[in-house]
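As structure tokens, one chain now follows by itself in the form predicted alone.
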Amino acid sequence: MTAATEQSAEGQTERILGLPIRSMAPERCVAELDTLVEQAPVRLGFVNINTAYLIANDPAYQDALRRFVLLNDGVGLDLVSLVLHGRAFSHNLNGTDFVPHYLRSTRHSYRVFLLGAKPGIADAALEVLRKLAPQHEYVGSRHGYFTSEENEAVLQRIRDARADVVIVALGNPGQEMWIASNTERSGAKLAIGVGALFDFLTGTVSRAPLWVRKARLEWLYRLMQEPKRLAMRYCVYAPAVLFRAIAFGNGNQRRSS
């Protein structure tokens, strides 16, 4: 085990591009988040190969994520971890699966607000979540097309709804930067960046069949669906992230020697 790797009964942490990425059984992750939200506002993010590429090329984004609980997402990050630390992550905690699981499994009863996606999508996703996890109160939704001048009105709407949880689907890096700047101001206990979750929940974007997901091949399914948009992510970003992560690690070793 390298110095950058930590392992315990609570899970696994791998440091990639200077950020600690957590992996653990979903049930353990639910319990840990439940405890954390009782202590202070929590910002939750998921790092996949696209996120890692942005981290490698945007110091402000990397710095903002230092205040997040970061979970691993996808086979691309597994490859980076395998090369850097000699092993892949123990579990795949992608937001599309984990966030609904968390809402179904948490011991808390939350007031939930959805923010993001195209007009109408967040409204429809809210109704899907209401059926999936009916123990919570779903107190509002708002699409993600708003200007910086409108942000204060968005925050006031969240505060007026007395939301405990804000689920944010503004894409990377926008959703994490919004969470970093606005979680405390929103009054929420937990803010989660979820990418395309609302689109998946509503069927606006189709997911791979279950057997494909279990085989860890959802990336290939999505690449076949959107080759122009995703080819860069899987064919260019992955090796670029690996190169930058190795260079980052070597630079740190030289500075500490």
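Start at 1 and count along the sequence shown; that's the residue number. As the structure is a computational prediction, the values presented were derived from the model and not from experiment.
Omitted from view is the form predicted together with a small molecule, to which the following refers.
Colleague: Since exactly one of A125, V80, A163, A117 fits, which has a heavy atom within 4.5 Å of the small molecule in the predicted complex?
Modeller: Comparing distances to the small molecule in the predicted complex, the residue within 4.5 Å is A117.
Colleague: Contact check in the predicted complex: I49, N92 and W211 versus the small molecule, with a cutoff of 4.5 Å between any heavy atoms. Do all three pass?
Modeller: No, none of I49, N92 and W211 comes within 4.5 Å of the small molecule in the predicted complex.
Colleague: Is there any non-hydrogen atom of R233 lying within 4.5 Å of the small molecule in the predicted complex?
Modeller: Answer yes; at least one heavy atom of R233 falls within 4.5 Å of the small molecule in the predicted complex.
Colleague: Might D199 be said to contact the small molecule in the predicted complex, defining contact as any heavy atom within 4.5 Å?
Modeller: Contact check for D199: yes, within 4.5 Å of the small molecule in the predicted complex.
Colleague: How about R229 - does it come within 4.5 Å of the small molecule in the predicted complex, if we only consider non-hydrogen atoms?
Modeller: Residue-level check for R229: yes, a contact with the small molecule.
Colleague: With the partner left out of view, is S186 within 4.5 angstroms of the small molecule in the predicted complex by any non-hydrogen atom?
Modeller: Close contact is absent here: in the predicted complex, S186 is far from the small molecule, nothing within 4.5 Å, heavy atoms only.
Colleague: So if I measure heavy atom distances to the small molecule in the predicted complex, which of the stretches 83 to 91, 166 to 174, 148 to 156, 126 to 134 falls within 4.5 Å?
Modeller: In the other structure, the partner sits against 166 to 174.
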